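Just one chain is shown here, as structure tokens, and it is the form predicted alone.
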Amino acid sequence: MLLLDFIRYHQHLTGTKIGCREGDCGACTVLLGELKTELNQESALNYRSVTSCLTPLGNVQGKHVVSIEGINMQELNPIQKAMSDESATQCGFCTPGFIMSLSGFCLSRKEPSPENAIASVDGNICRCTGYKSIERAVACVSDLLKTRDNTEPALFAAEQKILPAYFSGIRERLLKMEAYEFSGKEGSNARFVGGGTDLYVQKHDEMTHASIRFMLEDQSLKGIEIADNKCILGASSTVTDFGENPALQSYFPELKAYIKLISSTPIRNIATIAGNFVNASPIGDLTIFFLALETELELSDGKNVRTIPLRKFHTGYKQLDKRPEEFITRLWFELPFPNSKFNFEKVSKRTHLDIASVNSALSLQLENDAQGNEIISKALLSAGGVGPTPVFLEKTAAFLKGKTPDESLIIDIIKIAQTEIKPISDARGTEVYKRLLLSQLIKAHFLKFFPQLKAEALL
């Protein structure tokens, strides 16, 4: 069962709305609070917004679930009041989702800036009010947090009467809960479920009656480790875990900007990295991202373990080099060297919360030759939306090795890239359009890496 249905039909809390059932509209947003332990620190209370329409009930074991009813007070709380005072609600159907996302922002450790407050509602869509009034309300909410400093967010929200007083005692209540390892039903026919953000869109009816092995809270599949110039990620690490990791942000200075192009905050909070690989979409953003990092996967059937390069994992449209009983346990890639460059690009009809028409990632390693000229010693180039599977452009990458970056090189590799792709015309664009997009994204990579190149020479 999905969390949304449990909330509405079993708990009869109907403030959480049924909208798209695909995680796009945000009307069903709720909060999940859990204790997370960082290295050498005591467990901290952490809240994240999620789309309850895509969250299987098994994934909330041991967590504090907060619906819109859970933030009500004797009168409108300051978040609700801001929405009312700024006329930020009209039909009101989407309003509970906006308020829950803003409540999650108040319970987060992010800097209380207007920009971060607006980013917290990037998974919520309003069809009738107009966003300027919502932006004003969001700015009012961020002002509520200006004096928080280092106070624990839940304590501050309770003390300042932003949210009900009971939030100040949630950490202790979660600590008292009996530890319970929960993985769901076992058996040869059990389906593996991570975040469920795609499975429950594509196979909703099938999944609600399936035997499931829940992977999201399997501690052996979690964690991010930096060791021996490698990044090792547990398969159940979420997109948010990856994007907010301080060490990875230092290696990828634009990581936050890349991650913002992928889905929305509530989806990123529960979507797993390995799930994106297994979903096998030809335009999977994370798959394209990690292909350009020469990522290796570790698979297990519970007894035997094997490794496979990500570039060989997808064998055909929605087909994988993976047996039904196997699941990804972890993945790793070599961290960028100081003389390395990495970039991710995506074109979609909307900037945010949309599926790519074409996406691409490029990783370059540079060195100087005997004459002191900068040359490319290694290149990794990937692209999505241009074939039945995520594509690693092997010939194009090989041609780049040993070359000096200039305008003529870019024109040459675009010609080679066109021979390695097989786009089709569909709802996201014609074959000709997708070929043009990949050419433009390759240009974008190089112009970002080498701003001295002349864009007009590439027209």
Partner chain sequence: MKNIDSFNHVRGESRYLDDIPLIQGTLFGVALGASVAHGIIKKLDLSEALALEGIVRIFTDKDITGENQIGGIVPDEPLLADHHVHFSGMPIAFVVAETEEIAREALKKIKVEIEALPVITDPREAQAKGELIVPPRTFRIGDTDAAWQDCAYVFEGKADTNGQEHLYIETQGAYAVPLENGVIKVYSSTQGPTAVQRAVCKVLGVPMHQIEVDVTRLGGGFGGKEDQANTWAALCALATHVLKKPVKYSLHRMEDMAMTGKRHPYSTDFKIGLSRELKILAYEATFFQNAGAAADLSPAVLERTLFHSVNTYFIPNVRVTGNSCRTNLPPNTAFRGFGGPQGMFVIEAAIVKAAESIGVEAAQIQRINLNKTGDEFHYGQIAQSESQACWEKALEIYGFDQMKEAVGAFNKANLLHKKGLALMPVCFGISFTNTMMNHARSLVHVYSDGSVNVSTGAVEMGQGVNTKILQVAAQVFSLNADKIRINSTNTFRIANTSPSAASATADLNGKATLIACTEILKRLKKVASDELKIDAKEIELKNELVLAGGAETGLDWKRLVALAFMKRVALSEHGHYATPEIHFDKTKEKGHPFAYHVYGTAITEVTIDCLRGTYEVDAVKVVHDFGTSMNPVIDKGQIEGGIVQGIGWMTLEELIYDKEGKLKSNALSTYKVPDIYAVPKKIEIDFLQTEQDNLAIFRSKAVGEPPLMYGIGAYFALRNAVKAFNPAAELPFDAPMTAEKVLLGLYAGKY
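Residue numbers count along the first chain shown, from 1. Values in this document were obtained by computation on a predicted structure and should not be read as measured data.
One more form of this protein exists, namely the form predicted in complex with the partner chain; it is left out here, but the text below deals with it.
Asker: Only one of 73, 375, 247, 177 comes within 4.5 Å of the partner chain in the predicted complex by heavy atoms, so just point that one out.
Answerer: Result of the distance check: 73.
Asker: Among 215, 347, 107, 286, which has any heavy atom within 4.5 Å of the partner chain in the predicted complex?
Answerer: Flagged contact: 347.
Asker: Given a 4.5 Å cut-off on heavy atoms, tell me which of 23-31, 48-56, 386-394, 400-408 is the interface stretch with the partner chain in the predicted complex.
Answerer: Heavy-atom contact with the partner occurs in 23-31.
Asker: Give a yes or no for residue 161: in the predicted complex, does one of its heavy atoms lie within 4.5 Å of a heavy atom belonging to the partner chain?
Answerer: No, no contact at 4.5 Å.
Asker: Contact between residue 293 and the partner chain in the predicted complex at 4.5 Å, heavy atoms?
Answerer: It does not: once the partner chain is placed as it appears in the predicted complex, residue 293 has no heavy atom within 4.5 Å of it.
Asker: Contact between residue 205 and the partner chain in the predicted complex at 4.5 Å, heavy atoms?
Answerer: Yes, residue 205 lies within 4.5 Å of the partner chain in the predicted complex.
Asker: Can residue 80 be called a contact residue for the partner chain in the predicted complex at 4.5 Å between heavy atoms?
Answerer: Because a heavy atom of residue 80 falls inside 4.5 Å of the partner chain in the predicted complex, the answer is yes.
Asker: Are all three of 132, 440 and 448 close to the partner chain in the predicted complex, meaning a heavy atom of each within 4.5 Å?
Answerer: Every listed residue reaches the partner chain in the predicted complex, so yes.
Asker: What are the residues of 75-107, in order along the chain, with a heavy atom within 4.5 Å of the partner chain in the predicted complex?
Answerer: Result: 75, 76, 80, 83, 84, 85, 87, 89, 90, 91, 92, 93, 95, 96, 99.
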